[in-house]
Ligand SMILES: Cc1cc2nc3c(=O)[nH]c(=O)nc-3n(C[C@H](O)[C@H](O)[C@H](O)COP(=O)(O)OP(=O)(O)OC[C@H]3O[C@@H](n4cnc5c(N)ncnc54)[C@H](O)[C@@H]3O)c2cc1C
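In the block that follows, a single chain appears as structure tokens, in the form predicted on its own.
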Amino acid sequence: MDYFEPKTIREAVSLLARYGEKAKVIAGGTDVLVDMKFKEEPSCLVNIKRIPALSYIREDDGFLRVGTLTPIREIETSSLVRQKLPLLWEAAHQFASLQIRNTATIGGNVCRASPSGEMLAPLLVLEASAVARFSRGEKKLPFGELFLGPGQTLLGSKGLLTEIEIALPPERSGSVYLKHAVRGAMDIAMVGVAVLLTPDAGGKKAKDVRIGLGAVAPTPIRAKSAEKALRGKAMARAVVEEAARRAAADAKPITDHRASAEYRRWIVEALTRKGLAQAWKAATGKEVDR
């Protein structure tokens, strides 16, 4: 196996262009090293940990920018993230164990492109963009288009993720990330639901609502029909119940050793119902109307 420790983004991208699909990028290594032990060793390993200035969290003119090498623990302990993007903070707080959070990076979690990746549904709901460097220059890729399938993104084998760009949601928004797993944060999500809800000026209707689902389709997805059922509607219990049912219908889960497809749909419905109620209360201080 060839091993490289590039010192610049340009050098890393050049290596990826040269080795293509034979190359594997390593940052924190919490997934790659496990794959190397139990699956297959890559022909080329490109360790980007020594590239400077890729670990940061900063606010910039209505955006929060997070460098690809930023550890999940740094996101969890950031007062800026907790204040400006509580949805992302919640996802980081529920991410594996403390030891893993200290090592795993946000870029690694995104590029892993696992359907159950903790940060993916929240970032999808936040309508983040992935800033990536290719040999021909830089591209900004919307999260809604980034994921192609399990382990597959538009970055392919030749793009290097450098930054996550997130527009700050309206100040009156409420959000929540809910995860169902056998062992809580220590286990990967069996189902993950992210909700971002913005009320109208009167605080009675949902001006905007976004619902992201993880671990119930080949990629993280938005529950579009559920969002449509709520947008512009008064937040009454019957409306929330209908939206939750639609979210379950939007899901495309599989049956595996961890849960059946039917069970996962049931969890999607339950978590969506709960998430909408919690997000509404966070935004307005009020319970959903009966």
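The model shown is predicted, which means the values in this text are computed figures rather than measured ones. Throughout, we count residues from 1 along the sequence that is shown.
Heads up, the form predicted in complex with the ligand isn't pictured, but that's what we're talking about next.
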| query | finding |
| --- | --- |
| Candidate site 30, 68 and 100: all three near the ligand in the predicted complex by heavy atom within 4.5 Å | yes |
| Contact test in the predicted complex: residue 34 vs the ligand, heavy atoms, 4.5 Å | yes |
| Partner proximity in the predicted complex: residue 95 to the ligand, non-hydrogen atom cutoff 4.5 Å | yes |
| The ligand contact in the predicted complex: residue 26, any heavy atom under 4.5 Å | yes |
| Interface membership of residue 210, the ligand in the predicted complex, 4.5 Å heavy atom rule | no |
| Residue stretch of 160 to 168, 193 to 201, 122 to 130, 82 to 90 approaching the ligand in the predicted complex, non-hydrogen atom distance within 4.5 Å | 160 to 168 |
| Selected contact from 176, 75, 104, 206, since only one has a non-hydrogen atom within 4.5 angstroms of the ligand in the predicted complex | 104 |
| Stretch 211 to 227: residues contacting the ligand in the predicted complex, 4.5 Å heavy atom cut-off | none |
